[in-house]
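Single chain ahead, by itself, as structure tokens, in the form predicted on its own.
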Amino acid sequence: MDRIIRASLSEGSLVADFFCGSGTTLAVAEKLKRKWIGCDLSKFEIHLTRKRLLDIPGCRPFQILNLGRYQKQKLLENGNGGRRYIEFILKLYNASPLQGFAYIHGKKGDRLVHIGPIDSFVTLKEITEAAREAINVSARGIDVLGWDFEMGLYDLLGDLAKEYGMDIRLKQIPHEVLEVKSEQGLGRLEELKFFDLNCLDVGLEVKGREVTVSLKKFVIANPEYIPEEVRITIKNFKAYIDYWAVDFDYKGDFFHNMRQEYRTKKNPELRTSITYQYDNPGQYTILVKVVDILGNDTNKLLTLRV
């Protein structure tokens, strides 16, 4: 790949790999001072590529961008738009549909099911509406399935659960759903895992304009999905985390990877504190992103004044 890029392109030229896998092409292009674009559908490959690039001395800043609303187009291609989308996700979740509700879509065992929109994130408002509808239904709790969730939503669930007297769980719709054709979905029910959102506790220390963010606790919601031979080796919460990063000036749009820590085979010990110095006083929003060893993201939103 080094020889191909050197022979084909001068410094500053653009290299694109639309099935980048573990990022070999991008890493070589970065080392050779070529610009690059990489794409992949697998979150594991994207995460592996990110760590590989960050290991390159002097690696230039880069962004990881989601194409956004491709879920809708993909499901529509598979014939699963509108009401069929709801029925399709319920079937994959092994839940039965319910009629006569606006926000409750199904039931699984003694739990109700709400399914978030295809092309947007799940909001506190729609969960509140689902909880209101659930008051008159005999159920132990609500499972909320979504592609993405409103920032800070996890921290508000406790108060919402107390107010309506029921257990509310947020579950990630697996992106593997996009690869399941409607007629083939039933055969893959056992393979698809709807992950609960993890619990993340973050500490914040401010000294003048210097801020230190520390990971205090991380509880993985589905340890049963971790192989037993790996689980028995885990001694503390750090072993569940593969990578974490902080955007110290989050604007509500894109996550900017301003500082990060991650584990590698050569350096398996994870540092749990990151310090940052602000240039100007003011109020800032901090977004902390943790990637666990299963490849799932967990976010924490913080605000502070320096």
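From 1 onward, residues are counted along the sequence shown. By rigid core we mean the largest C-alpha set that fits within 1.5 Å across both forms. All values reported here derive from a predicted model rather than from experimental measurement.
Omitted from view is the form predicted in complex with a small molecule, to which the following refers.
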The small molecule in the model of the complex: contacted by all of Phe19, Thr24 and Ser42, heavy atom 4.5 Å: yes
Here the chain appears without its partner; judged in the model of the complex, the stretch of 277 to 285, 34 to 42, 56 to 64, 233 to 241 with heavy atoms within 4.5 Å of the small molecule is 34 to 42
Core-superposed C-alpha of Ile293 shifting 2 Å or more between the shown form and the other one: no
